[in-house]
Every structure is written in structure tokens, then in C-alpha cells.
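In C-alpha cells, the next block holds one chain alone, the form predicted on its own.
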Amino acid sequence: MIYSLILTTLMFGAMFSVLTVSLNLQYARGGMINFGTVAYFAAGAYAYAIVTQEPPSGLDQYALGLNAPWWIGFIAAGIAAMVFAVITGWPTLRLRGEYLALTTFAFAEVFHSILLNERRIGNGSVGMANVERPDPAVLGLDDTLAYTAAACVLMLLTAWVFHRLLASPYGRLVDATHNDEIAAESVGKNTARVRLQIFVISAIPIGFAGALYAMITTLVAPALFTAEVTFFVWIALALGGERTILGAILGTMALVFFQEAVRMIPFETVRSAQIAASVEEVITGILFIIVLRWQPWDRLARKATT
């Protein structure tokens, strides 16, 4: 049981850490409050499913299934998240602070509504099941262990790329854009382009994480990509601390461990399990409030708008 808990925590913790590290780049270094993270996660997952799924047959209502290999779907997931970031980032990044937060949240909700109601994309509310996934048994590897390793590799690679990016002269330009946008523009820097570049770059690994999530669950459905994912990532970032990649990872791991530990508690009735799930959400919210008490939201918003 402990072994299963550790593996599950590592697998989902590493996967969601990709989202948290990407959000850390957008917010803590780029100064952009993005409340639509789940949309890029969903774009990657759906792109992977559409590219790898067989053509529709029988009761299927989705219009397109390319039946391509998994690795093509994985690449397509990153491209889909990048394209969606360009489409949403170009009009929204002119805004600042809470206006940007509300607009990105609105984009995510619109995208969720499209996935829910447009059956030709992914079967609507039913979603697409039996999503193609690589079989680790071919290499003699355990299924859970292999996907845990894949999630950890994606997390470490994302963290390394972002660290190298921020340690470079370009990283200093990003910090200058965040800390004093007017001063950066006065020396000839295009701050709007820098903000869009960071927004798009950080969305790519989120798309890859969406593809990995689709492989693990073998299912993509609108119910899996709600605003709760965005709030989860923000809570993890608040727990781990901003401007630190390691903190973003540790905050996510701690939050996933807590949730998985609660889910592994054996309950005798469905009612008690539902109560436990509600208590889990309440405690998570209390943790978020405690962290924000130490680092008030109005101070975070002021920093993001400077």
C-alpha cells in the first residue's frame, strides 16, 4: 500500500509539477496571472487522443481519428497547446492583473464548453475512451513504474529547460520586463513580444503533460479538465513558493500526496467516501487560505502588475 502510494504520488505529482513549473514561469517571472492553465492541459490531451485514435465507427460521434503512432500524438499535443497559447495570448496579454486572470479563465471556460457540447471534437460529455498508449510490457517494464518514470523525466526536463532559460541573458530580459516594463521599453525592448513568448513557451510542456495524462488514464473527457485543475496548480504554487522551481515541484508533490493518501483510506460506505472527498477539498482550501495569509493576494497582484 505504501509502495503504491509513493508511486502514484510520484507519477501524478511529477506530471502536475510540469503545470506548476510552467505557471511559475508565467506568473513569478513573467508577471502574468493565468487562470486558464487547464485549457492548455486539455488541448494537449485532446490533440493526443484525436491524432492516435482510430477513425470513428459505430456509435462514435467524433469526426476525426488519425490512428497515428503515440509519439506523433505526443508531438501534436505540444503543438496544440502552443497554438492555443498564441490564439489566447495575443489578445489577452494586453491586460494586466485581475483583468488578465478573468480573461484567461473565461477562455478556459469557453474551451471547456466547446469540448462538452461539440460532439464532433471528442464525443462531447462522453469523451474518448481507450486512448492509445505505449505498452511498457514490450520492454519488460511494469506499467505504473514506467509511466512514473516518464512523468519524472518530463518534469525534470521541463525544470532544466526553464532553469537554463532564466539563467541566460533572455532570463534577465524576462525579469526586466516584469520588474520595470517602462524601463525595458525605454532601452528598445519589445516587452509585449517577450510576454507572449513566455506565455507560449510555458504552454508547450503543459500540452506534453496533457498527452501523458491521456496515456495514463486512457480517457479524455470534459469532466477531467475543469477549473479545479487550475486551482489545484495555483494552490501547489502557493504552497511551494513563487520564483523557485524546486518549491513549485515540492508544493505539487505535497498536495498530490495529501490527496492520494485520503483516497487510499478504506471506507465502508459510499456516503463516508463522499464525506471524505468533501473534507479533502475543505482542507485543501484551508491550506491555501493559510498560505495566502502569509503572502496576501493583494501583494501578489501588485507584484504582477508592476
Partner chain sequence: MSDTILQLKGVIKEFRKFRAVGGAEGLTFDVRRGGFLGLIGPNGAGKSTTFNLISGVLEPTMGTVTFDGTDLSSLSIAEIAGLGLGRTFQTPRAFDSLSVLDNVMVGLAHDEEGPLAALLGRWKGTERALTGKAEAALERVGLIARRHDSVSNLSGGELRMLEVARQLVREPRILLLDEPTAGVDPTLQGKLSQILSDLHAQGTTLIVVEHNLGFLMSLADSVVVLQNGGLLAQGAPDDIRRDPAVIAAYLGADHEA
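Residue numbers count along the first chain shown, from 1. Everything numeric here is computed off the predicted structure, so don't read it as measured data.
As for the form predicted together with the partner chain, it is not shown, yet the points below apply to it.
Colleague: Which one of these stretches, 181-189, 131-139, 99-107, 212-220, sits within 4.5 Å of the partner chain in the predicted complex when only heavy atoms are counted?
Modeller: Going by heavy atoms within 4.5 Å, the stretch is 181-189.
Colleague: Only one of Ile201, Ala227, Ala149, Leu95 gets a heavy atom within 4.5 Å of the partner chain in the predicted complex. Which one?
Modeller: Looking at the other structure, the residue within range turns out to be Ile201.
Colleague: Which listed residue (Leu196, Leu165, Val126, Val83) meets the criterion of a heavy atom within 4.5 Å of the partner chain in the predicted complex?
Modeller: Of the candidates Leu196, Leu165, Val126, Val83, Leu165 is the one lying within 4.5 Å of the partner chain in the predicted complex.
Colleague: Just to confirm, Ile75 within 4.5 Å of the partner chain in the predicted complex by heavy atoms?
Modeller: Heavy-atom contact with the partner chain at 4.5 Å: absent for Ile75.
Colleague: Should Arg120 be classed as touching the partner chain in the predicted complex when contacts are defined as heavy atoms within 4.5 Å?
Modeller: Judged by the heavy-atom cut-off of 4.5 Å, Arg120 is well away from the partner chain in the predicted complex.
Colleague: Quick one: does Ile79 come within 4.5 Å of the partner chain in the predicted complex, counting heavy atoms only?
Modeller: Ile79: no contact with the partner chain in the predicted complex.
Colleague: Going by a heavy atom distance of 4.5 Å, is Leu116 a contact of the partner chain in the predicted complex?
Modeller: No.
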